[in-house]
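We begin with a single chain expressed as structure tokens, specifically the form predicted alone.
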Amino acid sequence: MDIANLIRPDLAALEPYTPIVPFEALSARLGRPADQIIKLDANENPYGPSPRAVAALVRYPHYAIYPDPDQTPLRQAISQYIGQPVERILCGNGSDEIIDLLMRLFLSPGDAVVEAPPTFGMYSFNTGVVGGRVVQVPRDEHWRVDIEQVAEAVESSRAKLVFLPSPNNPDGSVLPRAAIEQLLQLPVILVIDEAYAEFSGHSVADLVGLAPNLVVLRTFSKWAGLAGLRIGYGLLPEAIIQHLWKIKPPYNINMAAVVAAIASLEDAEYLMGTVRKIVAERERVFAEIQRIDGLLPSPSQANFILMRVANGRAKELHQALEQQGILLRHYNKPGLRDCVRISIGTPAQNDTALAALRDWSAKEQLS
């Protein structure tokens, strides 16, 4: 039997998503202990979870029992945090799961999804998994979205979904509220991914429910330091969320994630203190990178900075710093092949990375 003949041809040809290499694998590959690696490649929170969340994980006694399929206590806590009623909140195994559920709900094979690259890779990846097609409206050289071109793409492709992060990953730019309000006039579901909203202070979560076609995604991975527990949520109008409940797996979120997320919201003041530290470091690191020859950073309102590397040497820069145990994100895709992205770490981590960038730049000028 040839198993390949039984596989969906579109999935057999699908390009796999490229995730970040696990920390343990990096340690083994580089031959360095974990405490000698500065990991600035995945937009993780360098300060980690709230101490209250860690303590709650230790105290919780019922890990042998199946979790609440509706995540009711967590949704109530999110409601108080975000200002939306519980009825408009759906929790997911990371916000990635909400993306997947939305596509399963709305897309039949061949249906179109509009995105504005460079952007988060899960939108195109999930579109391929459900047999949809991606319609791309590339951003300009300043990473701005052409709203008129998006509208034309929606009309010509009869798209059902538009995915736009704000701040955008990988550059950190924010989509203006006026642009979002304009896009909401289109006959399409508009999904605004606010994974990094706590770092920008910008959100349109308040518009969910007022606009019947607006979905907002949020996560605990970045601001709350819970990336390893995979916990996110969506804010959705009732007309959409009632159908998502039908297809959401009942036990999609483990109790460790639920416990940690609730404790994080109870300790939001502490966590927002670490967010303010990261934002202050982002501005300092941006100013320092601007002074380094051969590097052109883009202004960011997230917890990372994208920078173009002169003379197409982004890959060489990435490899040079990796050999020193400093991990950045290098992109091998159109529009980003001369770019690397640096996540914001602690002041000490950032100082080490900046020194390595300066040394590399100085050697480049001499070569």
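Numbers for residues come from their place in the sequence shown, where the first is 1. Please read all numbers here as calculations on a predicted model, not as lab measurements.
What comes next is about the form predicted in complex with a small molecule, which does not appear here.
Of the listed positions (S173, N126, T219, S264), a single one reaches within 4.5 angstroms of the small molecule by any non-hydrogen atom in the predicted bound form, namely T219. The contact with the small molecule in the predicted bound form, taken as any heavy atom within 4.5 Å, belongs to N169 out of S200, N169, Q84, T274. Judged against the small molecule in the predicted bound form with a 4.5 angstroms heavy atom cut-off, the residues W223, E281 and G345 are out of contact without exception.
Contact annotation for R230: at least one heavy atom lies within 4.5 Å of the small molecule in the predicted bound form. Remark: C91 does not count among the residues lining the small molecule in the predicted bound form, judged by a heavy atom distance of 4.5 Å or less. The shortest heavy atom separation between A195 and the small molecule in the predicted bound form is within 4.5 Å. Although the partner is absent here, P165 is a contact residue: one of its heavy atoms lies within 4.5 angstroms of the small molecule in the predicted bound form.
Of the candidate stretches 94-102, 134-142, 256-264, 71-79, only 94-102 has residues with heavy atoms within 4.5 Å of the small molecule in the predicted bound form.
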